[in-house]
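Encoded as structure tokens, the following chain is the form predicted alone, with no partner shown.
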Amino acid sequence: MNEPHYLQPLLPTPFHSRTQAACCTALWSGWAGYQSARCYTHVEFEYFAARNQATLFDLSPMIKYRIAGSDSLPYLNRLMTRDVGKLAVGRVAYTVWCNDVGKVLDDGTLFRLDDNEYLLCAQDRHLPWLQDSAIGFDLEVEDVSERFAALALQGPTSYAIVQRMGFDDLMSLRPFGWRRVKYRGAELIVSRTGFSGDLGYEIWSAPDQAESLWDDLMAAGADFGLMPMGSDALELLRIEAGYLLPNADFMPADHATRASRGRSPFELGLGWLVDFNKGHFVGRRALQAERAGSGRYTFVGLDIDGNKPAHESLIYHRRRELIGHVTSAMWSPTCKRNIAIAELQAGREAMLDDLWVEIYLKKELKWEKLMVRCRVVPRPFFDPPRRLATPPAAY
């Protein structure tokens, strides 16, 4: 007999029987109330598999909302900063949504399933806010997270693996598109999306298909180097891809104790997601004012001398004036560079010629301080042509 949910500190995902058997390290973390593997064998093995072969990541804990009804489009256009009306059926859009003062509440992906039906995938739970915002609209908002089991299949051999699975209709699937495919007498949704910055897919199934789907994918990927991947390796991939992560690079506005900790889309470098031509949306007035030049911060990529990751380091101009801090950092094995994502104070463009980062490094229980040069560089740090190639190559 299963224990009641209130006696289970973290719930198992539909793939738990498989992920637990594969997890040699017993390193787990909590994600949206579910157990999520941090590392199965070695972070390095999993990272290199994602960049040279393929990996499976259990995406099931991601929060998923179904939004359906005749007013779905005007409702979503009221909430989202981008113009949802431009999203066609069969496509997926990356999007953010803000509070009344223009600070980001969360980011996520929006699937258009039908003319009046959407699936919103997010990191955090927003059901009360989404339902309150639906007052006056003819639609239904429901949390359907438990109706889906989801896997991220990422890496250069991912297309060869879905071919081996018999999903032949995916040859013409472009990035940020999705298709329904037949699987064991049922249907799956396969989207060309992911958080790795590489060629890859996300596969959405019913929970009762989860174990067979895992087994079939692992069997199909045996000749292509497929292996499970945990969140620690995914963190390295997303930094190389230049993606921002809530609660790591920025604080979602509804999580912040101090109002000043919120960040706007412009401050996060996501101004391209703000469409002022579509009419009113939540936070529009504040974002219009900010567009005139009142932003406080800007996010940049950094290339740092040496090979010591600049985790949580401070950034100085000419070694003296503090102008920002590192939010995410790593030594990139693929790029052979010491890279970081950083938040700088806005209006410091004239100071970017002489930047230094202060790194605190522990060597055998002894702390050392390094002051090394860094330079602002474009993101993403890693952007292989295979990510966008259509049809993809079957490596």
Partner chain sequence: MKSVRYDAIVVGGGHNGLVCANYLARARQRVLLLEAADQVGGAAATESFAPGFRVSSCAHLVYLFDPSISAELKLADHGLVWSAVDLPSVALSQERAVLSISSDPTLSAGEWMSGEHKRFDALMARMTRFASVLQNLYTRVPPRLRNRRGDIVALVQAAWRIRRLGRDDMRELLRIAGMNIADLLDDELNDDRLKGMLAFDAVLGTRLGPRAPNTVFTWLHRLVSRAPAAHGGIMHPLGGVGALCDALSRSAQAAGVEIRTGARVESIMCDADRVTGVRVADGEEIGARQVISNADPQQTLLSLLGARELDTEFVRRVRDVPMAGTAAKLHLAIDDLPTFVGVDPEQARGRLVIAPNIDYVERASNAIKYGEYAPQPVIEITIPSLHDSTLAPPGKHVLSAIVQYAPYTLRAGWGAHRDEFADCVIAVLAEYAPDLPDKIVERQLLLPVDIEQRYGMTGGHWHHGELGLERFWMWRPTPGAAQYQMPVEGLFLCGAGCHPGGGVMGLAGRNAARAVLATARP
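Here the structure is a predicted model, which means the values were calculated and not measured. Residue numbers count along the first chain shown, from 1.
There is another form of this protein, the form predicted in complex with its partner chain, and it is not shown here; the text below is about that form.
Chemist: Non-hydrogen atoms within 4.5 angstroms of its partner chain in the predicted bound form: do 306, 325 and 358 all have one?
Modeler: No, the whole trio is out of contact, none within 4.5 Å by any heavy atom.
Chemist: Tell me which stretch of 71-79, 164-172, 232-240, 245-253 has a heavy atom within 4.5 angstroms of its partner chain in the predicted bound form.
Modeler: This holds for exactly one stretch, 71-79.
Chemist: Which of 111, 201, 299, 281 has a heavy atom within 4.5 Å of its partner chain in the predicted bound form?
Modeler: None of the other options qualify; the answer is 281.
Chemist: Select from the listed residues 176, 224, 129, 195 the one whose heavy atoms reach within 4.5 Å of its partner chain in the predicted bound form.
Modeler: Checking each option against its partner chain in the predicted bound form, the one that comes within 4.5 Å is 129.
Chemist: Taking its partner chain as it sits in the predicted bound form, is residue 318 near enough to touch it, meaning that at least one heavy atom pair lies within 4.5 angstroms?
Modeler: Residue 318 lies outside the contact set for its partner chain.
Chemist: Verify the contact flag for residue 209: yes if a non-hydrogen atom of it lies within 4.5 Å of a non-hydrogen atom of its partner chain in the predicted bound form, no if not.
Modeler: Contact with its partner chain, no.
Chemist: Given that its partner chain is not shown alongside this chain, does residue 133 nevertheless sit within 4.5 Å of it in the predicted bound form, heavy atom to heavy atom?
Modeler: Yes, residue 133 sits close enough to its partner chain in the predicted bound form that at least one of its heavy atoms falls within 4.5 Å.
Chemist: With a 4.5 Å heavy atom cut-off, would you call residue 285 a contact of its partner chain in the predicted bound form?
Modeler: Yes - in the predicted bound form, heavy atoms of residue 285 and its partner chain come within 4.5 Å of each other.
Chemist: Does any residue in 97-116 get within 4.5 Å of its partner chain in the predicted bound form, counting heavy atoms only, and if so which ones?
Modeler: The stretch touches the partner through 100 alone.
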